[in-house]
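As structure tokens, one chain now follows by itself in the form predicted alone.
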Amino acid sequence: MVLQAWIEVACILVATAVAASAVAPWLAAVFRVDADGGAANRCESWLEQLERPVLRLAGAWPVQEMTAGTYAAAILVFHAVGFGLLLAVLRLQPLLPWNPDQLPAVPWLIAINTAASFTTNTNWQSYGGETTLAPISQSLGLTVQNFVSAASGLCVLAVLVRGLVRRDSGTVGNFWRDLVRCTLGLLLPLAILLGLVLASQGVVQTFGTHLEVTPLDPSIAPDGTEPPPQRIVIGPVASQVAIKQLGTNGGGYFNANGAHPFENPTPLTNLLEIVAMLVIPMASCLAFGRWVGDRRQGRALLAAMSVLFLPFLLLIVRCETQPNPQLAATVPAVDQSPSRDHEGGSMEGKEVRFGPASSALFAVATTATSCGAVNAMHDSFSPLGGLVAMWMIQLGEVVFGGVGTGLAGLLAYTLVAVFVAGLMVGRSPEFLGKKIEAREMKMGMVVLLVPPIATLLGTAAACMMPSESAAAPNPGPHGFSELLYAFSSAANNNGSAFGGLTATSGFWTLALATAMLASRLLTMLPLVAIGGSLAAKRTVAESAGTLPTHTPLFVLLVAGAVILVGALSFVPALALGPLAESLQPVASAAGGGP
């Protein structure tokens, strides 16, 4: 059964690589990255027909190129308007149509947290979807943000690529055109395709809102009456699941997210949802090689991501396919060996229809890609399994990472690696013919340091307030891990959680919202500034002393920079949480323990 688990994981990764290879040319054709653009290709002509009426309606036609400052201002305006509109939808929910259960307005603090979460592509949820939000709020509010927040991440990547491709240019593209093209030309068609496939496999997609179901085994009350029918919530689920996976958003229609049978009913839908999380981040690397005219560069960046991803994947699958030692010590009668009914291993907190291997792969994929969707309870993972999920987030969500922002973040690490390599050999650092100077390094360090600072400051503040640290009911290292995971998730654009944490107080809702907004904007805007700075430079001719940026050595250098920043930032905190928990002795069968 362990061999079967590894085969299952390998097949999913191969399917993802094939899908990414197919999407990469499509993604490369969506954005025009050079200054003059040349002759429009067939894809661009088709995209122009789609974008023209939308941009005219928005008053952004004819399209004018923007400077980096104007582009950044447009991003700020877009996020502010998106935040305000979503907040209005959540607060005005009882006055809107398609609210059959007459759900009340979302409380102010939860509404602010949710608006910040979905406009920043984080999708942290401090509420139960089916009990808090009406179908109108799920569709008009959350699903729309799932599309446009993901598209804004790809816009930032487009600016950074233009900075590397253009020469002596004062402009970096047009935000509104990039946003519309990415949404209508890439995300919407992929989401429609995936949504139809998911619906064919049993994921619910309907304008209906609930089902009245008679229990299969109704029990008769002492007075002879039968229980009332069970009320089951349904709605437009497949359309939201498709874009939450493809856009690395992660927010579920139901509280159980990807573990709910209406969101993820079968092993096939589980496979498709894992592939959907990884496909655009992988395809972005391959498209990068096409954009810069050297496909080796894209393959090198994909290799750097894979070097970081695969060892963690091997560790978490190994940990979760082993029996739970705590359960074996306290309840030895529980059979954790493989059988015809389940795969064996540590099944606590996992769905039987997926098993530990697929659950572990889903967990590392969702934390590596900044998606945050879950099909198992991360709080129930082994200490080292939980550490893998947490550290994948803490590395900056650049190991595949979010749509657009993942590769853009890795490019920031790449600039750091090039700068360090240049200092080591006494040469001016260059990347793809552009000199990396003080301005780019300052902006790059802001990108790399803001999320760790927000994570550690938020965790420290929670630990200093007993009333707020009590939101994590588990004692000792595991409780600390729940606090650390929450701020890691919010500050690094993920949205998943150790489910034991109750993050509904004023401190938690506002602190996490602040971490989400600060980290998202203070990483996107410096990346735009880097793109503008690079676009204004001339290309330097390659010489014998130029560091090749497509070799295995450079792949290891970039991966080492990512590990170094992650280790220096978070290893002390991880030592207090999952590492300390993994070293605790196993509780005895008589109930004794640490």
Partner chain sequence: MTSPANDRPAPGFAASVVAQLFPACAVLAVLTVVTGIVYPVAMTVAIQAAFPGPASGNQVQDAAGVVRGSRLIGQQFGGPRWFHGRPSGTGNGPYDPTASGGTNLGPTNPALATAVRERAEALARDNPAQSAAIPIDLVTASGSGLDPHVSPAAALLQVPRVAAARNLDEQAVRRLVEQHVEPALLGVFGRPRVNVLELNLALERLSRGPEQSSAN
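Residue numbers count along the first chain shown, from 1. Since this is a predicted model, take the numbers as computed values, not measurements.
Not pictured, yet referred to below: the form predicted in complex with the partner chain.
- The stretch that touches the partner chain in the model of the complex, counting heavy atoms within 4.5 Å, is 239-247, out of 239-247, 304-312, 401-409, 450-458.
- Though the partner is left out of this view, Ala22 does not reach within 4.5 Å of the partner chain in the model of the complex, counting heavy atoms only.
- Although the partner is absent here, Ser467 is not a contact residue: none of its heavy atoms lies within 4.5 angstroms of the partner chain in the model of the complex.
- Although the partner is absent here, Ala438 lies well away from the partner chain in the model of the complex, with no heavy atom inside 4.5 Å.
- Among heavy atoms of Gly195, some come within 4.5 Å of the partner chain in the model of the complex.
- With the partner removed from view, the residue among Ala105, Leu109, Leu268, Cys463 that has a non-hydrogen atom within 4.5 Å of the partner chain in the model of the complex turns out to be Leu268.
- Among Val165, Leu286, Leu517, Ala74, the residue placing a heavy atom within 4.5 Å of the partner chain in the model of the complex is Ala74.
- Taking the partner chain as it sits in the model of the complex, the stretch 56-82 comes within 4.5 angstroms of it through a non-hydrogen atom at Leu57, Ala58, Gly59, Met66, Gly69, Thr70, Ala72, Ala73, Ala74, Leu76, Val77, Phe78, Val81, Gly82.
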